[in-house]
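First, one chain by itself in structure tokens, the form predicted on its own.
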């Protein structure tokens, strides 16, 4: 097979990073091949995808040496707009690649930029929508989509451009198991069409039978290489020793049925009690909870399928969503919303929206004084990112950014911590470090974790709240 992409003796160091993201990397990807890049957070996976789609060197600045070619085009000599029809990209956070406010226009956007005739664009949209079975997502507001629905629109926008190479960076980090299965079908379609697919991913089990080759990266270099059959026959212990997650968690809490497990009733004392808790997007009632008692000091997982209302619920609980209705009682005392908001802290799903300082340590210390420096350093050490304390937060990998935000939340000393997908983009060891830290928090801190990560739930959650269609 001919080469779809080639990296020869490639080294790259980000302009605002302390270490080289890639070191003398050599990689050749055959046309029609599906290649999985895995390894710990910050090992260089995302950097490889950015080289393939031209974001390096045309967007991300740094020192680049070596040759990168994609479909016989030398990346450094090819304008990024000329790569759009050749390489399609699906990012970890699909919102970062959206340009339109409605879904149909977003799917058409790439084709319009390629200068295609209107009739051809409409035909491509029709074929893509039909092939991906996303008719119900047309003509919707981007802002009202769930994480999984946004990912589907991102994939549809890429598919409509008919690129030869498709790169995906942590595409399942915010998806539930059903949405992951649907994404797998999309990739299987692309592979059947002869597309070259390159993925950087931590959640791996769903890729069994799709990937031809698996590359393990460590410190910017390839440390191991497997074919698909060999890799997906490895034991969980073998994977964990390499810092890779198990292919599948033993538990799927979305499958638990009401009444199957005993539910301990909570009294008003010792709990955060919500009554008549509702929120609507226009005429659509997104949250409708008559009564809910959240045990104080517990680590509660908030689970549910994409679009179930999990993020909306937690934003209302933290006071970040205006015009929600209902009362909040803490330890039997009705709490004014303004006062409760001051006691709450939320780590958002898109952590880039809440990183402001010039260094990781300064970020964690925002709102604190210098007397907290030692405590902040201890938290960073527990989370495995103390070596990054002087780096700019935006120079970090996705997983490292997430841990920086978690450290900020812990040091803030709030009584309610809400973490929205805190392990998205985290490798196995980082996930375990995060779970251990959440388990070790003071007993008067209540933690809610919105997550699809069943391994994280296994390791640190004491209770589970299952939402569907805005109800318990």
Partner chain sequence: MAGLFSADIENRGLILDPRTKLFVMLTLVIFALGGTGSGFAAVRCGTIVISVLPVVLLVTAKQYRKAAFCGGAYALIKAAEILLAPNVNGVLSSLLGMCCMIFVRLMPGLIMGAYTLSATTVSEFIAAMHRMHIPQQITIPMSVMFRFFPTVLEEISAINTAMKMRDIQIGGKHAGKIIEYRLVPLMVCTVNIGSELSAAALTRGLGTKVRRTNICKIGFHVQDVVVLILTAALYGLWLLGICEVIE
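Basically, rigid core = biggest C-alpha set you can superpose within 1.5 Å across the two forms. Residue numbers count along the first chain shown, from 1. Just so you know, these numbers come straight off a predicted model, no measurement behind them.
Not pictured, yet referred to below: the form predicted together with its partner chain.
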Practice task
Check whether residue 276 has any heavy atom within 4.5 Å of a heavy atom of its partner chain in the predicted complex, and answer yes or no.
Solution key: no
Exercise for the section: Determine whether any heavy atom of residue 53 comes within 4.5 Å of a heavy atom of its partner chain in the predicted complex, and answer yes or no. Expected result: yes
Handout entry: Partner proximity in the predicted complex: residue 97 to its partner chain, non-hydrogen atom cutoff 4.5 Å
Key = yes
Exercise for the section: Give a yes/no on whether residue 414 approaches its partner chain to within 4.5 Å in the predicted complex, heavy atoms considered. Expected result: yes
Practice task
Would you check whether its partner chain, in the predicted complex, lies within 4.5 angstroms of a non-hydrogen atom from each of 178, 244 and 252?
Solution key: no
Fill in the blank from the handout: With a 4.5 Å heavy atom cut-off to its partner chain in the predicted complex, the contacting stretch among 304-312, 281-289, 116-124, 378-386 is 116-124
Completion exercise
The listed residue (373, 352, 223, 240) that reaches within 4.5 Å of its partner chain in the predicted complex by any heavy atom is 352
Handout entry: Contact residue in the predicted complex, chosen from 230, 130, 323, 141 - any heavy atom within 4.5 Å of its partner chain
Key = 141
Exercise for the section: Taking only heavy atoms into account, state which residues of 71-94 are within 4.5 Å of its partner chain in the predicted complex, ordered by sequence. Expected result: 80, 81, 82, 84, 87, 89, 91, 93
Handout entry: Post core alignment: residue 178 C-alpha displaced by 2 Å or more between the shown form and the other one
Key = no
Exercise for the section: Return yes or no for residue 89: a CA shift of at least 2 Å between the shown form and the other one, with the rigid core superposed? Expected result: no
Exercise for the section: Using a rigid core alignment, state whether the CA of residue 151 is displaced by 2 Å or more between the shown form and the other one. Expected result: no
